[in-house]
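One chain comes next, on its own, written out as structure tokens in the form predicted alone.
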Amino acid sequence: MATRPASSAAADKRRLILDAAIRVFAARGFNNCRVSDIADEAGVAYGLVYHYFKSKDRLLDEAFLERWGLMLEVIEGARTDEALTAREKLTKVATFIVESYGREPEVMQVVIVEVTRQANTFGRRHWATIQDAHHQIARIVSDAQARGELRSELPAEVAGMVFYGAIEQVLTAWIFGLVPSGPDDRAAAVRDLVETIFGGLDAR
């Protein structure tokens, strides 16, 4: 019987622990859980968590950076797709973020809520990565301004922050169960978020 390569088995174990950490962070909050809680959730020995991640903070870092990295890839892909209008590019970005909540609400809860609660220390470690998303969205706006699609007198960086900030507030409302978040609600949110930006920026 063939055995799996050690590297593959290690990757699976690492994934198991990270997924367990996300569930525990979402259920109890980062500050209210212990590494032993994560080990219990994953069904592994306490020391194995430290073997792969060194600390609870590192688990939060990994959960954030994994999701943020995927988002950055989507933003970059939308920004460089010359076949799309600015409206279509921002719709693609908003759809990815909103539907990420639909597919993996616990992951998004950790990224939006738990990371925000650790903002003082977390922000210092990852500020450049966080800002990269805002800058890439701003570039979508500035490129459209250069083409005459959007009003040029409004700062693209502000538009990028407004756009992402609005998405984050919608996600926060869903996470806390303040408003419905079904498939139709998510589709409406994308439409309204993009239209809010273009209602104020559209050169027409």
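The numbering used is simple: start at 1 and walk along the sequence shown. As the structure is a prediction and not an experimental result, all values here were calculated from the model.
There is another form of the same protein, the form predicted together with another copy of the chain; it is not shown, and what comes next is about it.
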property	result
In the predicted bound form, residue 165 touching another copy of the chain (heavy atom, 4.5 Å)	yes
Residue contact check: residue 124 to another copy of the chain in the predicted bound form, 4.5 Å heavy atom	yes
Close approach of residue 170 to another copy of the chain in the predicted bound form, 4.5 Å, heavy atom	yes
Exercise: residue 26 in contact with another copy of the chain in the predicted bound form, heavy atom 4.5 Å	yes
Selected contact from 40, 57, 66, 149, since only one has a non-hydrogen atom within 4.5 angstroms of another copy of the chain in the predicted bound form	149
Site check 87, 109 and 161: each within 4.5 Å of another copy of the chain in the predicted bound form by heavy atom	yes
Within 4.5 Å of another copy of the chain in the predicted bound form: residues from 107 to 138 (heavy atom criterion)	109, 113, 114, 116, 117, 118, 119, 120, 121, 123, 124, 127, 131, 134
